[in-house]
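We begin with a single chain expressed as structure tokens, specifically the form predicted alone.
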Amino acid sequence: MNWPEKRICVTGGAGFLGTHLIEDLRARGATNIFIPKIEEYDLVDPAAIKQMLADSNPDVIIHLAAHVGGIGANREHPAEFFYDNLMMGVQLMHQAYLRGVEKFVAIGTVCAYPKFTPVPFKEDDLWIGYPEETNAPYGLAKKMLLVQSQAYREQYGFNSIFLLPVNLYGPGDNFDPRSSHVIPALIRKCIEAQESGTGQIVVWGDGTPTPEFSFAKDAARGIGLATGK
């Protein structure tokens, strides 16, 4: 990809992974990067999507934006996580196709994998069962972007790819106990336990899961490489 000549729209570009991706894209030579802010464009709203595309006129879209959170947030807001993520992703890809965008890069989630996926994961395992119930609404909403990408490529020849990163960690992570993921949540719990002198922390789960983690800058580099192919 001739990065300096491409107009690139990165939804979620101001977020945790997004900031690392923007840094990676600029290192590759990208100069025209549009980062829509939620205050200006609510991507759940079809009219806002059309306006954002009109304002950015992108050659490439990298869709990172998502309504996300940890276990607690997923338990409290399953309907919101399903609806918001499904609507913003499906509508954005469809409008990108209608506008003739050259490439669409959809970012999925490891939460799309079935609850009892054998370890280590394989790509084909994505379809062997239902996701873990707590994360299922969010995971399935994101999983539909893979189905849409395959369908639009088959019927329309639309250049859409779907990338599936695992749990991320790294600089700029979210440490809010209401919405953080496992590594920042554990770090905060350990620090608070040390400061309070309790000598112990409470961790959800039974200790049997074996999660996989990726450094955010490495994930950003992978997205940049896949986008440029």
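Residue numbers here begin at 1 and follow the sequence given. In this text the structure is predicted, and so the values were computed from the model without any measurement.
Quick note: we don't show the form predicted together with a small molecule, though the next part is all about it.
Looking at 123 to 131, 136 to 144, 91 to 99, 73 to 81, the stretch with residues near the small molecule in the model of the complex, meaning non-hydrogen atoms within 4.5 angstroms, turns out to be 136 to 144.
Contact here is defined as any heavy atom lying within 4.5 Å of the small molecule in the model of the complex, and by that definition not a single one of 25, 29 and 60 is a contact residue.
Among heavy atoms of residue 17, some come within 4.5 Å of the small molecule in the model of the complex. Although the partner is absent from this view, residue 166 contacts the small molecule in the model of the complex, with a non-hydrogen atom inside 4.5 angstroms. The small molecule in the model of the complex is approached by residue 42, whose closest heavy atom lies within 4.5 angstroms of it. Heavy atoms of residue 65 reach within 4.5 Å of the small molecule in the model of the complex, making it an interface residue.
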